[in-house]
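Given as structure tokens, the chain that follows is alone and in the form predicted alone.
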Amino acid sequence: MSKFKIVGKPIPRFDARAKVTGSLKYADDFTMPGMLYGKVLRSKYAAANINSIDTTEAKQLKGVHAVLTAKDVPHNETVTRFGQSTVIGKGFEGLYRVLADKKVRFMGEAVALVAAETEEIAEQALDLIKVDYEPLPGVFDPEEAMKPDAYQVGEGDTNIIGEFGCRQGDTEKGFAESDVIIEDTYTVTFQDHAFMEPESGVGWIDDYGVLTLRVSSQVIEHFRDVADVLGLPHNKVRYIGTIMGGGFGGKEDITVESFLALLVWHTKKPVRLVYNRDETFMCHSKRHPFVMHYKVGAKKDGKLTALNAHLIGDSGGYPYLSAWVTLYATVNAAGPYVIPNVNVKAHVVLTNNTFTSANRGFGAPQPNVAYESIMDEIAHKLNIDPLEIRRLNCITTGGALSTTGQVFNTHVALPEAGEKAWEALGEPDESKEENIKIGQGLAIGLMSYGRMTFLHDTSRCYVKLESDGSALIRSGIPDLGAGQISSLCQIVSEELGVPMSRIKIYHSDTALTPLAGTTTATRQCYMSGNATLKAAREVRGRILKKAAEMLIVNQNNLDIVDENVVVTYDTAQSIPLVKVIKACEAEGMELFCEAQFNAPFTSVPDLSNMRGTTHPDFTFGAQAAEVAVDIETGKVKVTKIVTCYDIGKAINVAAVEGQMEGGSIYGMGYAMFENYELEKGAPKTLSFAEYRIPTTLDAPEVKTIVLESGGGLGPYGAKGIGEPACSIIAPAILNAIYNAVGVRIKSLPVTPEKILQGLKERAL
């Protein structure tokens, strides 16, 4: 029998009814009297000098209240807060520029801002701004951009903005001992976040002169960055976050916020700014394309001996989070395998493509495609079962990551996750048509949860019991739509015995809620969950101490159940929670606590050869897929997906299963459909008509297998699942295609043309 009363149950989220009925207020479902409308003028070139900008006619247009360019931005070039210039080294120039100044680096880069009384007037004003561009050649291939004589995207002397490495053993010796060697190049393309809610917000100055932004953001801590852009004290900028219609990393960077702030501050009026869909496609970050050169050796018995890898990531026009994404890719480059000899190097490079930054998985899905394809290839060469090759080589509890040597003292759910996923996939379906070939594929993997351990990560949460027995939570946690705020409520309900219906949470408001850190890096269950648990247990302890005095029993023999404090060995003895609360209040005892959880800290590693702990912990799992391939048309249909992860402990099992299902389809889109196409930096896929994402007609039923080892670092032993859920389905699908037709696809996305070309080459 479970010891939990609320945790682990599939309890509906607080926002579920509002979302279903359409009554939930998103960032753009908000208006204010006298509100202006903001618009952004964007570069029509991927690479160009800006000789001049003439805003005279635009400013004279009736109804226009502001036209701003780079010269109107007090601090136009942002810099990072953690000394990233030291960490990512030569070529670092800051995260981005608010408005392009003298030079544009990608098509769609913001050049000017307009605020007007109607959207139509704002659009007219954009057309009246005259920009004298001097087109430049640009560079669009990251390998070309690395060359010494390449066009310089920025103002430095190199396009390389990040270099990383991991080494152990002697790879030359390891390859010499190998009986089979696989050497190949794998490429993955840009992926858009394709969230349903575009970047949006409304800004105004309140009665106290505070610049207030009500925005869709994964990081309300950006209020500091916005304040720095305007040169304001941090306490003069307030972020009010909203529940989001998806983020997937695309709302981790600043989107509309700085633009809104500038327009509000200049006009002293409320301003609304919402991107349209083609603007969203053109102007927010993408998943990094990678070119990955791999060489892996193994003995006849299947044991791995050596791995060499060189990863090259495309940052696009600005650094943003590219260095950190590449660091994650480097750490993940050898996967969950024990390899005695490893040499990984990675570069991330500026180009004049659309800029890239955080996307769900943050650098792990790219190398996963390469190493899991190679594991399948080794199994094929040595005639070893694909599950067995993984069982032979995978890390187990107490083992270490082959790239960094980080030791896993928490539970490693390998190889059991692979075994369960492969078994659940079952026997292949029988094809009823001669041209349809059925295949199955497996992939296993790991993905960190929590931010890098050298970032001093913290999260705070406030929990209070009111005099009537209801509970109040204040947390700065942004909710992407994955139920982050509901999870905190379940933790408080579990600890304080208060039903979910009597818990109120205020979230993501920098003026009202203690900061909880970013909703990124699969960190919120771990970080804010632990902060909430810490605060709730402090309040619980005070209640139980007073109740023990009132019941004349040992405090350790008490529990709080259904708004009553009960004696665990004699449930007939109890006292209403509200009676204990009133007794505490009568003595002036505080029944609130603001607690801070601090992640473990390590020093910054040598980034040329990272060794030791880089992340608090990892989530381990496996995904399996079945496909049907039409050898006449090259069309591939994914017919089954099984996803199995050890999540330590499910705070809400329905939310966990939802993440696992949704992550599988997100990763399937990466493998099969999604391709943000550019031609010399010019985007060609600016709507869902051109950029295809999986629909209900494409998505198979996803079978979820939730393992609960209790071995995580989160509350009650939980691990994170948001990003791990999408990170290894792509190679599982590629392996299934190979199993079906013997064609090894080495570049994403899979297309009928690639299948047919592979079949043609195989027949030669």
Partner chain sequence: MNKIPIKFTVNGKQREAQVEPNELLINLLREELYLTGTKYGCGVGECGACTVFVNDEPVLSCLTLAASVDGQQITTIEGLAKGSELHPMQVSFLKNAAVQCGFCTPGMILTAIALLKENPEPTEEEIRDYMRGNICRCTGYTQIVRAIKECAESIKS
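Treat the numbers as computed from the prediction; the structure is a model and nothing was measured. Residue numbers count along the first chain shown, from 1.
Just so you know, the form predicted in complex with its partner chain exists too; it's not on screen, but the next bit is about it.
Not displayed here, its partner chain is kept clear of S431 by more than 4.5 Å at the level of heavy atoms in the model of the complex.
Shown alone here, T695 lies within 4.5 Å of its partner chain in the model of the complex, counting heavy atoms only. Looking at L24, you'd find a heavy atom of it within 4.5 angstroms of its partner chain in the model of the complex. Its partner chain is not drawn, but in the model of the complex it has a heavy atom within 4.5 Å of I665. From the list 508-516, 413-421, 577-585, 269-277, the contact stretch for its partner chain in the model of the complex under a 4.5 Å heavy atom rule is 269-277. In the model of the complex, every residue of the candidate spot (R17, D28 and F248) has a heavy atom lying within 4.5 Å of its partner chain. Of the residues given (E197, E177, E377, D630), E197 alone sits with a heavy atom within 4.5 Å of its partner chain in the model of the complex.
Screening Q524, Q191, T403, S217 for any heavy atom within 4.5 Å of its partner chain in the model of the complex leaves a single hit, Q191.
Residues E657, G658, Q659, E661, G662, I665, Y666, E674 are the members of 656-677 with a non-hydrogen atom no more than 4.5 angstroms from its partner chain in the model of the complex.
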